[in-house]
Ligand SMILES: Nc1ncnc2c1ncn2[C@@H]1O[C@H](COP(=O)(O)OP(=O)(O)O)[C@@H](O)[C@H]1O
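Quick setup: one chain, the form predicted alone, written in structure tokens, and binding and motion questions come after.
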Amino acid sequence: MENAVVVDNVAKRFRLYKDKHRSVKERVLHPGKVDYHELWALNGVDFDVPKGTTVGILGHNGSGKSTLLKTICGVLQPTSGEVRVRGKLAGLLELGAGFEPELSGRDNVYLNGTMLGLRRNEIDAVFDEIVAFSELEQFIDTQVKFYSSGMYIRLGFAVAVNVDPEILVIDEVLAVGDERFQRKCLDRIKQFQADGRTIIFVSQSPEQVRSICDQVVVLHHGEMVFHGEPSEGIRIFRERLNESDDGPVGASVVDGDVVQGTDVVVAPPMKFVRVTAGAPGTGGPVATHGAAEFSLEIQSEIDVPEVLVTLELISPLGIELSKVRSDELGLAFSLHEGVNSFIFSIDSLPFLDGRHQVNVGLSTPGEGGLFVWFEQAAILEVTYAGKSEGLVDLEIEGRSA
């Protein structure tokens, strides 16, 4: 398949000066070199974008995403390596890029269209469509310096998608503006996909990337750490984003002397010493609709004839997905002195991808019973290869009534 964009071992270096001398006087008074240090915003980034595909760029703040898109658009030149683009490219970079604040929206449409290679008569032909898409009819003759951030994005996106580009490059600007207009932009992107155009897309939302992208590139401190299927790329992105957290990572194991959580009602002579969540036997990531297992090890200094074990699952957005207690499942548990093990299992986990928090609790029947509650006992990592959005993947069937 022919490539629309080739990023060939691209590196980009910036010099960050500690105290740069700006005037002639300062240079005379302070001769010699100015101290600086080098920042490699990109280092050895190498991937191809096949014609007609949509590639998402993911990475934490400062990972080099915007620098990469500016290099692809030709705004920045790489320090080493090269970018090859085959086809007419339209780029929508950071807020307000390419706009002249003192000009009206109308004048900026013609200015942007000219920068993208259109003649005046070609801009005339699509001008009404641009204004209608942006929904800025009553403000089109107002100076854009009076526009809100949402109005900037509306006008910029409207120009970019109406100049008939073969390659559309979009930085994380769709996070600005109301939800309805974001959906309108995503619908236009999907129409571009149906037309076989090439799209390079940066978003802060892994869910957006998953729903529209064919491939994902993950950047981490300027280096490309993954290029491939969206589900695996999103998993690696979240793993890198959370690698500095104090909580469990990967197989989600908490080991050692785990103290009781902040919600302990009574400090009983027992504690959780090990909690794992993941695929049965491995503790690794679970695919959507795959089997999951939760293993709890509890250290007790006494025998307890009847205990209730609670398992709670929280989504990455903090939404309680499930909370179940052992007696509600018809399970009867007891504790003996020493280490006790309990296992909960799910045959088909419907959750979509993400790092889901696992909380566990231990109590005895009746009021005033022994109680231990442990927040963030483990992390359940779920991977999803589909395109659905939301929290769960429901196997829905339809028919004509």
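All of these numbers come straight from a predicted model, not from anything done at the bench. The numbering used is simple: start at 1 and walk along the sequence shown.
Same protein, other form: the form predicted in complex with this ligand, not shown, and the subject of what follows.
Which one of these stretches, 330-338, 357-365, 39-47, 344-352, sits within 4.5 Å of this ligand in the model of the complex when only heavy atoms are counted?
-> Stretch 39-47 is the one.
Contact between T67 and this ligand in the model of the complex at 4.5 Å, heavy atoms?
-> Output for T67 is yes: heavy atoms within 4.5 Å of this ligand.
Can any non-hydrogen atom of K51 be found within 4.5 angstroms of this ligand in the model of the complex?
-> No - in the model of the complex, heavy atoms of K51 and this ligand never come within 4.5 Å of each other.
Considering only heavy atoms, tell me if L16 and this ligand come within 4.5 Å of each other in the model of the complex.
-> Yes - in the model of the complex, heavy atoms of L16 and this ligand come within 4.5 Å of each other.
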